[in-house]
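Okay, here we've got a single chain as structure tokens, the form predicted alone, with questions on binding and movement later.
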Amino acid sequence: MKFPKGFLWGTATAAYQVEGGNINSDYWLMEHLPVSPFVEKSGDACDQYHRYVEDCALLAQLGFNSYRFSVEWARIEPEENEFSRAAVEHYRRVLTACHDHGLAPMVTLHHFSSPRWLAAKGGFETAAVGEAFARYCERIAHDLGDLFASACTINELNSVAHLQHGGVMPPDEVIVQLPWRLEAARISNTTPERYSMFPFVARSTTGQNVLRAHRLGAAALKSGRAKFPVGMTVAMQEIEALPGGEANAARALRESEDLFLEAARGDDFVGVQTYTRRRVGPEGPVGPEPGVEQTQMGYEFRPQALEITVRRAAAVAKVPIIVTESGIGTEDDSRRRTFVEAALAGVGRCIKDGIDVRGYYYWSAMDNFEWLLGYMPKFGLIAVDRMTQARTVKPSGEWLGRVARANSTELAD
């Protein structure tokens, strides 16, 4: 498959997962609770806060032409209405390093983690988050937008609904009484009903707030002098209905994905983020079939899911598509290449059928902090030594870099 001229080839990371030391974030607080659900602490993560030049140079050397990363709201605005000039200048240096190495920066404004003060005020469970997010986006657009190639507002803004229909999120009345939420609320001098961190929220109050925050944030990003494409990223799965599960599957598609894709119709693009398939029976979600290969995340090894979700996103959103996340957590790097080859074959078929797909970003650039699961899952194209922070490119990273450089899967070997 030869990809279109100008196709974006990149990798993706999130600030909290790679930077280290995000002490003003709600996730940092959550990690350090005595009743924390995290299996380990993020600590220095991959120390990308200090090693960003090295990382940009390595990605460019491999052959990528873009890098998707996030700026940390908790660094930019550590207290409400108090903006850090030092943090803004840091991210300006990161953006400059991208340009210096030929990487078009795709910047995510919110990738799960938020400032502590926002969580204490209700986070995305309150309508007021829209104005707070827009204020932050406006500041970023003014101070940094001239260096953006593109921007994503809120990463996987449908993740609450996705977790709900995936059978992961407990009912609202259980969420507000979770031990970590009780303790975090106490430390934050607020109530458990008010304390909230995305996406572990009382879901019934969140969907419209997140979409409103996206709309206000997107408008704020476009209000600056610099002009760049702005979109949302949507968590998507191949959802398969088992006999008797047709109604449940249709409802899951509608409530957890299509409502958000429809909201993307006024955007410049929609980011598709797909890892696996979900099977749905008459009683709800059903696990993978017995005996199928599973990843370190417990996902079914299902690279062909990406083609299905790209086609649905294009049909529903009716805007250009960028694959903003696609990857696999595995210790067996040969399976990573197999996974990506199959995923890219599906993207190629979509393009041949006339779907406007403009880029592919592998998750993740490097092995990093995978939230509640800590450093166990290995998604990276680049291994990171936990003691020395030394980077080592895996064979899959060398191969995908060759694909990117050639803009073709056929010329990569």
Ligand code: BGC
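So that there is no doubt, residue numbering starts at 1 and follows the sequence shown. Remember, predicted model here, so these are calculated numbers, not experimental data.
Not pictured, yet referred to below: the form predicted together with the named molecule.
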Classify residue 17 as contacting or not contacting the named molecule in the predicted bound form by the rule of any non-hydrogen atom within 4.5 angstroms, answering yes or no.
yes
Using a 4.5 Å heavy atom cut-off, state whether residue 52 contacts the named molecule in the predicted bound form.
no
Is residue 370 near the named molecule? Define near as a heavy atom within 4.5 Å, in the predicted bound form.
yes
Just to confirm, residue 297 within 4.5 Å of the named molecule in the predicted bound form by heavy atoms?
yes
The named molecule in the predicted bound form: contacted by all of 112, 325 and 379, heavy atom 4.5 Å:
yes
Pick from 216 to 224, 256 to 264, 271 to 279, 169 to 177: which stretch has non-hydrogen atoms within 4.5 Å of the named molecule in the predicted bound form?
271 to 279
Only one of 125, 307, 72, 156 comes within 4.5 Å of the named molecule in the predicted bound form by heavy atoms, so just point that one out.
156
